[in-house]
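Two forms of a single protein chain come next, each set out by itself as structure tokens; they are called structure 1 and structure 2.
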Structure 1
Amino acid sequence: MVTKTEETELNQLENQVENGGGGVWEYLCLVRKLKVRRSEFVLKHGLSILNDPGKRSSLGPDEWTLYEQVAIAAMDCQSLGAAQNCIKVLQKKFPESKRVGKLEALLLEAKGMWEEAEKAYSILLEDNPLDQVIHKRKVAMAKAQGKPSLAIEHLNKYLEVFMADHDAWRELAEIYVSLQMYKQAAFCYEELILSQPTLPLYHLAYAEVLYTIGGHENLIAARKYYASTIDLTGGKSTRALFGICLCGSAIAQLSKGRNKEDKDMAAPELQSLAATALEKEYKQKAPAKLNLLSSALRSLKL
């Protein structure tokens, strides 16, 4: 995560470089250190150093790091010729390098040569089955080809080994949601909440999946997770406040005709609090849309 101070420093240095004020190498080093993607600028200014023999030789061993950085930036910008030239230089210098092998596979992927890229990644995995980057590249390739089922297969195999990878669980959940496989998505969010219980994003996503699945029990559980999202954000989640209202309305519809003891007694008070909080927020931040909100809340019989 890049801090505001680091982002400000990076933007200032970027403006300085763009305006011819020097500091190109410092800028490229900072981009690399912060692990941000400023591919267009990296390609432009990186090539300006690599194409100048004097500047290039002054880098010493860092020359090869810059070739790698520019190759990746070139692939991002679809300048595949520039990427190939950089990779050729690295192949000549490091003929047996697995790191260069990854760049070769990335180039095949960038060219849309899926079968060749898959073979290249498989060979690299034979040497190092625990290479997380390569596993994730295979997932990315499956998604790029419009094969979500294959992406799910790769992610499930990956998570058998790297069970603590939160980003992978979230990616898997989002793919399941896109395929309307909500029960599987709910399982993924349960894993995320267990590992990071204070992150409101996961509580909110889980609540929305439960609300989508529907049914009395799921709606009550969804409302609980919407409420926990509000608690974790200090009452600042508009989406969760709407969720409370929607759940309350849906539960009321399903509760019609039930015995008194089976009815949800907490609903009216909780819905009323959520509706009041929404109206207060809209008055402060979007007064022009307050009437629209009031109309929506009335339609939910709140």
Structure 2
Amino acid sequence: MVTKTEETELNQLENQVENGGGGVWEYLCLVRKLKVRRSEFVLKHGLSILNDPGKRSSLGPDEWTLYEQVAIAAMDCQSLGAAQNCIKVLQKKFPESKRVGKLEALLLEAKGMWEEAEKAYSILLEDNPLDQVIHKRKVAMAKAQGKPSLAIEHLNKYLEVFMADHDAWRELAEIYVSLQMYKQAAFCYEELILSQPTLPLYHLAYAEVLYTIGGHENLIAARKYYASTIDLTGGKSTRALFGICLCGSAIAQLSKGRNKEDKDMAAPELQSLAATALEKEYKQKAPAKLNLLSSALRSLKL
């Protein structure tokens, strides 16, 4: 996951590089470090270094890392020729390398040769059954072939062994959401919140899944997690503020037929606080939309 500061730094570097201001190597290293997906830029600028013998030799041993990075970016952009060329260079330099073997299998994936890729990965797994990257490729292949349930199966097996892999839990949650299996998605977010309770992203995602499932209890819980998101972000999460308002409105709708005891006690104050915060934000930053916001908020009150 990338922080806002890191993202800003990355975008600044990217703009600089795109406008010919140099810093290409810095940019490529940052992309690698943050593990972000900027394949078009990596391909373009990485190739510009690799195709220049002078620049290439000045990299020293990092040259091979760059070949690897560019190969993967090329595959992401469907420039399979460029990818093949990079891999050839690496094969020459590191024959019998497992790391290069992974790239070869990835290329098979990029070409859509699923069976061959599966075979290649299985062979690689024989030597190293605990290779996390390869296990994740199997999930990715299942997804790419439009088999989300198979992806879920692989991912669950993976998580039994690597249960601390937060990205995997997030991926699993998102696959569940895409299949509308919201309860299962909720479970994943619960695991994430348990392991990293101060990350507002998980609270927010969990709240949104709960809101989507609906029902009185889930809406109350969703509101709690929208509230904790606001707490953890110092009130800066627009989504969470909207979430509070929507929850309040949905809960009130459901409570219409209920007894007085079940009546939602926290609603009025929390909802009006959130509404005020939203109006303040819009007044400051997007005054043109303020009327729209106000009428939307009004329509949420019953």
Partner chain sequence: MNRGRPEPGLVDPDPLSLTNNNNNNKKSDLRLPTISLFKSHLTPASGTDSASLRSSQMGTGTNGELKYEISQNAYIKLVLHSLRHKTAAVNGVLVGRISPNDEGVVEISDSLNNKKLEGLSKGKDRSPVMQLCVRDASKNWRVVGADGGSKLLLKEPSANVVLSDYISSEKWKEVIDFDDHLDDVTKDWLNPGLFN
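Everything quoted here is computed from the prediction, not taken from an experiment. Here, residue number means position along structure 1's sequence, counting from 1. Heads up, when I say rigid core I mean the largest set of C-alphas that superpose within 1.5 Å between the two forms.
Matching each structure to its source, the form predicted together with its partner chain turns out to be structure 2. Comparing the forms between structure 1 and structure 2, the C-alpha position of A277 differs by less than 2 angstroms, with the core used for superposition. The Cα shift for K183 between structure 1 and structure 2, taken after rigid core superposition, is smaller than 2 angstroms. Once the rigid core is used as the reference frame, the Cα position of S39 differs between structure 1 and structure 2 by 2 Å or more. Structural comparison between structure 1 and structure 2 after rigid-core fitting shows the C-alpha of A74 displaced 4.0 Å.
Relative displacement of the G60 Cα between structure 1 and structure 2 on rigid core alignment is 7.7 Å. For E7, the CA shift between structure 1 and structure 2 after superposing the rigid core equals 8.8 Å.
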